[in-house]
Structures are given as C-alpha cells and as structure tokens.
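What follows are structure tokens for two forms of the same protein chain, given separately as structure 1 and structure 2.
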Structure 1
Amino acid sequence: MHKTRKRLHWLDWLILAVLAGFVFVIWYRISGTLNYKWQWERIPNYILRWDEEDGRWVANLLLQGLITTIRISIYASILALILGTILGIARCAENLAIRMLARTYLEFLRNIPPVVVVFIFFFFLSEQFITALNIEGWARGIARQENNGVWEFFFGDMRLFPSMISGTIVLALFESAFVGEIVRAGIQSIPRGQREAARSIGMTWLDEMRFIILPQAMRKVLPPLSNQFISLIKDSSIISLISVQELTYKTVELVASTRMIFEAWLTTAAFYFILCFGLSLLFRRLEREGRA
C-alpha cells in the first residue's frame, strides 16, 4: 500500500510539472511572440462594478451573462424534461404512428449539427411564436412599469425578454431529443412482467405508466438526466448565435470593446467550469444519498 501511494505521488508531481511547463510555454508565446499585454486587473470590474448613482455594487457584463445563462438553463431544462418525457413515452407507445413520429423527431435532432438546429428552430418556430403572441409588446409594457422587480428577478431586463424566451425554446426543443431517449431507455428497462401484472388487475395504459412504470423509470434515469442538464449548460453557449445575451454573447461584446481576448475567454471558461463542476459534485452527492 505504501509503495503504491509513493508511486502515485511521484506520478502526480510529474503530471503537474508537465502541465506547468505547458502553461509556461503558452504564456511565453502569447506574451513574447505575440507581444500581448495582459490586463487581468481590469477583469474584476467587468464582473462587478460600482454604481455611483445607486451607491452599490452591480453586475457588469460577465456576471450579467452568467446570470442569464443560469436562468435560461433552468427554464430550458424544465421545458426539455416535460417535452422529453412526453417523447420518451411516445417512443414506447403501442400505436405505430405515434412511435414513428416521436422517433423521427428524435433522430432528426440527434443527427444534425446543433448550430443548424438552433437556426431552424429560431427562424421557423421561436420567432413565429413570439410574433403571434405579441410577447415583445407585452414585455416592453412591463419594462415601462415601476414595480417590475419580481419580473426582473426571474427574467432579467424585460426589454430582452423576447430574445431570452427564443433562446429558451430553441435550447429546450434541441435538448428534449436527448432527454426523450434517456426516458425511453428508462421505461424499457422496467421488466415486462410488471406491465402484465398491472394490466391483469385492470389498470389502463395511463394508470400503468403513471403509477407503475414512470416512478421506477425516473429513478433509474436521474444520473443520465443530471449529466444532460450539465451538457445543456454548455450547449447554451450556442444560442449566442441568435443574439441571446448569455455569457458567451457578453464575452464577445467584452472582447470587441476591450481587446482583452485571453483574459475574457479564460474568465468565461472558468465560470463555465465552476458552474458545471459544482453541479456534477452536487448531483454525485445526491446520487450517493439516494442509493443509501
């Protein structure tokens, strides 16, 4: 046991030395060859800034983008879970037409690049939905109101509400395909004998799914669903292409206005890492407690 620990300890130091050397080479190339001037001291001001008028600290570009990313990820994950569960159930339906329609939707989304899917959904569905319901005019009316603190807490700047809803819908429709496959696998993992037993006591298909199959299936699919939620957070950067002002979009703005290319993107990468890694630790702990 002692020898194993010593060998691993030596290997750890070797890996750290190689990583440190790699970082040093990159740093030297950027600072020397590219003649890049680092400006890390300016980054904190783009996370939090002091508002002279209100006399308090307020979120600046990067923190605003991070908060929007969190909001969109939460709302999109809820919508994706609802749609994905419906799709997963449809994939296991007895009716052939329902199964084929669900499979066509899932296979279409899972085999097309995300960027293409985002533009298709944005221009053909999301924009039409917002225009038909006049969401933009409704959001502007709320933005003009003085007492709109609750709306801003949940959705941020209401003037940007239409773009946020567009991004949420697009992201949820894309991610629902993966959630649907996870739910389908969970449903099919339940022994067929339980379904036959449910039908033998007179349960309808709906009652069978509601009381027997889905409760067991959802417990089984919680770990992959947790991983999919983390993937959703990372995939949310794609919707910056349709001008949704989340973290990646705000980083592009910051780089364009300050030319702090490496500082801005490294800070953004750190934000994504902290958020996703923190959630992975949380989900891992909840999974262990659930097994106990």
Structure 2
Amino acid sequence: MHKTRKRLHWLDWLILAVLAGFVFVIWYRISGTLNYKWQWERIPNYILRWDEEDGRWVANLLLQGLITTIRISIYASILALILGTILGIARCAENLAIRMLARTYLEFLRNIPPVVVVFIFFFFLSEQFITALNIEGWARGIARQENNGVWEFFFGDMRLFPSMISGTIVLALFESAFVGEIVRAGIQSIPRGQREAARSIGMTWLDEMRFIILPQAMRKVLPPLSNQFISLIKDSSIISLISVQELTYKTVELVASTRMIFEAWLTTAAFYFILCFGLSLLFRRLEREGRA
C-alpha cells in the first residue's frame, strides 16, 4: 500500500498553479467580458436586516430560507428515519406480500428522477391530503392567534405551514426509500444467532426487533445513514419547485429581484456547504466516539 504523503511534491504545485490560472481566467472573463458588477456588500443585508420600525435585527430572505431548510431537513430526517425503518423491516419480512410492496416502493423511487417523484407526490398526495384534512384553515387559525410563539418557533410563519408540511412529507417519502435500504442492510448484517438467542428466551418478534436487532443494526449503519441525511439536506433544494420557501426558493426570489446572480448563489452554496460539511464532521466525531 502507498503511504499518503503529507507534503506537496513539485508536481502538486504545478497542478495547483494551473488550477489557479484557470480560476483567474474565468474571473477575468466574468469581470471583463461579461462586465459583471460585483455587489458583495449588499449580500449581508439579505441575511440580516435592521428593522427600523421595530428597532431590531430580523432575518431577511437568505436567512429565512436557511432556517426553513434546517427545519424541513430535521423534520424530514425524523420522518424518513421512521418510515425507512418500517420499510427496512418490511424488506426483511417473512411475508412475501409485505416484502414485495416494500420492494416496489423502493424500485419506483430509485428509478424515477427525484424532481418527477416530488411533483407526483406533491400533486397526488400532499395536495389531496392537505385539502382533505383542512390543514390550511387550521394553520391560518393559528397564525391569527396571539400566543402562537411555540408554533412559530417550530414551523415558522404559520401561513406557510401547509406548503412546508407537504414539502417535508414529500422529501421524507422520497428519502425513506433509501433509508429503508440502509436499514435493511443493517438488519441483514446481524448474525442469525442473535435472532435465535432472542427467540430461545421466548421474546416476541417485536421485542426481538426493538431490543436486539435494531439497536445493533442502527449502530452498524450509522455512517451510511448520516450520509443519507446529508443527501437529504441537499435534496431539499428540489422542493423549491413546489414553492416551499426554503433556501433555494428564496435565492431564486432574491436573484429575480436584484440580479445579483453570482453573489446570491455563491452565498447560498456556502450556506449549504457549511450545513452539510458541519454535519458530516459532527457525524464523523460521533462515530469515532461510538467506537471508542
């Protein structure tokens, strides 16, 4: 096996120099040929804005979007984990019908582009569901109330609650298929002897899953699972297409009104990067601690 070098070779320097030149050329073309006027100084105002009337800092477009993205990612992750676990268990079921249903669900989601899936789920499921349960009216009722601080903390502007909740469900349904595959792999990696031992002391199927199989399986699949949650955050940008006002949606809005194409998208990219990279560092640390 090769030892990974810690110091740069002259060839590495050359590669870096070529890359730097490349970046410079692009930069030059943007500023020269395109005659693009950078307005970075306007960006912070779209993150935090000083509200003259209230005399306090308030979140503007980008930060509002980021907060919504974080909220949706958290709820969708939880929902996807629950659904995915059920799906993973179903994939290992003895009953053929259950196994086939779970498999069908997975294959559909795996072989259809996410954008198409999101539209299908949104129009055929979420809209019907939201209308049927009259969630819209219910949320508007809460938005009108005086003491809705708790609701606002968890769900943001309650007038946007229906769109946010459908976005969350759509995202969770989509990701749950992949979480399900990961959970299935975890369950199948547990040696048969563990089940036999659980059964031989008279455990029910449910107890066997809850106390013996799943705790071990989940620990084993923590790395791919955390990857999937990071994917979920990135995939959450897709639900901007169904008008969920998360980070990507807000950036589109900002670009449309200010024409700061590069600044806005680079800022948004940085937000996503910090969120995902931070999370992956956190997971890596958790794994290391879990192993120690």
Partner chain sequence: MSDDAPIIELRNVSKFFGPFQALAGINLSVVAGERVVVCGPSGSGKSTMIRCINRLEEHDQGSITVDGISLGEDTKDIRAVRQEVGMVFQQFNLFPHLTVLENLTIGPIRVRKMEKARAESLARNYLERVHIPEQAGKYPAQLSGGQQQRVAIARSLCMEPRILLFDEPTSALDPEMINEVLDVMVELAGTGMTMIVVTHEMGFARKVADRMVFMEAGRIVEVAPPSVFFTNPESDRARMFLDQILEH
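Numbering for residues begins at 1 and runs along the sequence of structure 1. Owing to the predicted nature of the structure, the values given are computational and were not obtained by experimental measurement. Each form is matched to the other, and the largest set of C-alpha atoms that superpose within 1.5 Å is called the rigid core.
- Shown as structure 1 is the form predicted alone, with the alternative form given as structure 2.
- Positional change of residue 270 between structure 1 and structure 2 stays under 2 Å at the C-alpha, relative to the superposed core.
- Once the rigid core is used as the reference frame, the Cα position of residue 281 differs between structure 1 and structure 2 by less than 2 Å.
- A C-alpha shift of 2.5 Å is found for residue 23 between structure 1 and structure 2, based on superposition of the rigid core.
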